[in-house]
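Coming up is one lone chain in structure tokens, specifically the form predicted alone.
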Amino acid sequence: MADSSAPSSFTILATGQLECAEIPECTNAYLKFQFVAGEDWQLLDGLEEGITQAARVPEGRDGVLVWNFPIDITYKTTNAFGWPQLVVAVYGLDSFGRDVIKGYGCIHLPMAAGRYTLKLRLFRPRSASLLQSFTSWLTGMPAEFSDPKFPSYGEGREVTRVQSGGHVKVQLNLMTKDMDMFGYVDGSGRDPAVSAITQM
């Protein structure tokens, strides 16, 4: 007879903040974020996507855009495939005051419980030719991804031309529950197999 108290899934809880960014030649920007997870992952609580307030670099400061925007999300699953990723897109103003993409970034959430300071390196797509580059500058519509989740995909990334620049800093607290019941070691030192060996 199966144990009715055995968990049917494991849970991860991530809280923290989208702290700040440093982007060359960018003094005014906001950030769109979203969490992307596999099909087996079910959202229990929190927002999977959102947008921060606009931040501006004060005169004479070190060029840091500060948001300190809170994030809080909880998932459950039975399968680690499709581990959640945080995808960000930073938008700012060009010299004509138009809203343009400044960079995309993507990172998997940590797999072990703990407190983390993550740095997401930013990149943005490049135009395929000089003519397209000039046209996009003239119209205020630089190259950007049609699918905002594209940075989280592995497929098609190898043929994408990008230019790097800047980074976003994220503070994250991660908690896990019942991962060991599904055969996963989360690095917390609570692995039952290790505990059984040490108790022999």
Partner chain sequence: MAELHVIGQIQGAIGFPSQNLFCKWGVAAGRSWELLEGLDSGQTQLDLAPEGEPVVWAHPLDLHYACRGLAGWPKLYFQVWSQDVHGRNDICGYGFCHVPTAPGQYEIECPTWIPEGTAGERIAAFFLGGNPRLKYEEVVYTPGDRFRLNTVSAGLVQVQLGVIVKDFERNHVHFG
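The structure displayed is predicted, hence computed values, not measured ones. Residue numbers count along the first chain shown, from 1.
In what follows, reference is made to the form predicted in complex with its partner chain, a form of this protein that is not presented.
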item	value
Its partner chain in the model of the complex reached by all of G16, G50 and D99, non-hydrogen atom within 4.5 Å	no
Touches its partner chain in the model of the complex: P70 (any heavy atom, 4.5 Å)	no
Exercise: M179 in contact with its partner chain in the model of the complex, heavy atom 4.5 Å	yes
Any non-hydrogen atom of P142 within 4.5 angstroms of its partner chain in the model of the complex	no
In the model of the complex, E59 touching its partner chain (heavy atom, 4.5 Å)	no
Those residues of 69-88 which, in the model of the complex, come within 4.5 Å of its partner chain by heavy atom	N79, A80, F81, G82, W83, Q85
